[in-house]
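The chain below stands alone, shown as structure tokens; this is the form predicted on its own.
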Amino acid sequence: MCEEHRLDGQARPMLREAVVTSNEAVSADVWLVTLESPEVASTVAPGQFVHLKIATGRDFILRRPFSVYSADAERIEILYQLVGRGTHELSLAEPGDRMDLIGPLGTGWEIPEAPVRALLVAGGLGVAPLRMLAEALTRAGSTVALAYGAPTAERLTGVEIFSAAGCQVMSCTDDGSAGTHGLVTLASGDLLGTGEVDIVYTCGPEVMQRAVAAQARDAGVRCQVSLERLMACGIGACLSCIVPTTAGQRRACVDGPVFNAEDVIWGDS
């Protein structure tokens, strides 16, 4: 595919070979893999993802979607958790290994042109698509606060990166081993209650995102959510990643994964 651009400025997906340059554990079950793929890396926008063919064989016929954690002109980084056969196989990849990917895919975050007071709310590995967003917002002169919740202190991955980018970081842990003892929605509710937030961006477990969306609605603040769905094709053909919205059924891989929260018809999760 040639490198064209959509009307929204985000690049069209390309099929490219990627080379593993590093792949390391950052906590007990969270890993960070770096892939060299210049054409994809140089065009990916915050909130987009790639569809990665991890290996060959019967168990790996379908690609796996991964949020892009960071990108520069040459490489992308993917933060992933060991949760199944695909991610366990990915953890075995070594520098020099090659695998192909399709990307950049999906519709990413909307970033206001004028500076805003942004609140980012992350649950667990939901922090992955928020790093590029935080960096883009701070470069644009916005004030950024991150409310970050995880089961334990060890799982608060990359806190120092957000702090270095100029974000105010508030941590919450389920076991109280770091930050506030409790759910991240405690911190997001408190921050929205100050009246000093212009826009909310959130990613994590859907039950958490639903709660954050309700908090933002009650505060009269716009909210964007990044929704995870099982994906087979990643390009909108198979309809396996449907999200019910007020405008009808939408595909998370093309119309999302980022949606305006007020458009989503939430389930009972």
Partner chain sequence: MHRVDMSVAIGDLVLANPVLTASGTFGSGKEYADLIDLTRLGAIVTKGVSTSPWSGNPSPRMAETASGMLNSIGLQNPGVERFIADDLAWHRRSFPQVPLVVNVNGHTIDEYISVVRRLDEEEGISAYEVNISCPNVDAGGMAFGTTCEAASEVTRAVRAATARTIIVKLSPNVTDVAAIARSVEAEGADAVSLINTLLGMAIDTRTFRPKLARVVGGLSGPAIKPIALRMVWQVSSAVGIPVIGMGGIASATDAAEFMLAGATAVAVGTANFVDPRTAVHIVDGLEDFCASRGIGRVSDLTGGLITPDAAANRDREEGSR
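Residue numbers count along the first chain shown, from 1. What you see is a predicted model, and the numbers here were worked out from it, not measured in a lab.
Form predicted in complex with the partner chain: not shown, discussed below.
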Distance check, A214 to the partner chain in the predicted complex, heavy atom within 4.5 Å
no
Is V26 one of the residues lying within 4.5 Å of the partner chain in the predicted complex, judged by heavy atom distances?
no
If we define contact as a non-hydrogen atom of the residue within 4.5 angstroms of the partner, is L62 a contact of the partner chain in the predicted complex?
yes
Examine A232 and determine whether its closest non-hydrogen atom to the partner chain in the predicted complex is within 4.5 angstroms.
yes
Residue within 4.5 Å of the partner chain in the predicted complex by heavy atom, from H181, R85, R139, R98, is R85
Partner contact check in the predicted complex: of 197-205, 239-247, 32-40, 219-227, the stretch with a heavy atom within 4.5 Å of the partner chain is 239-247
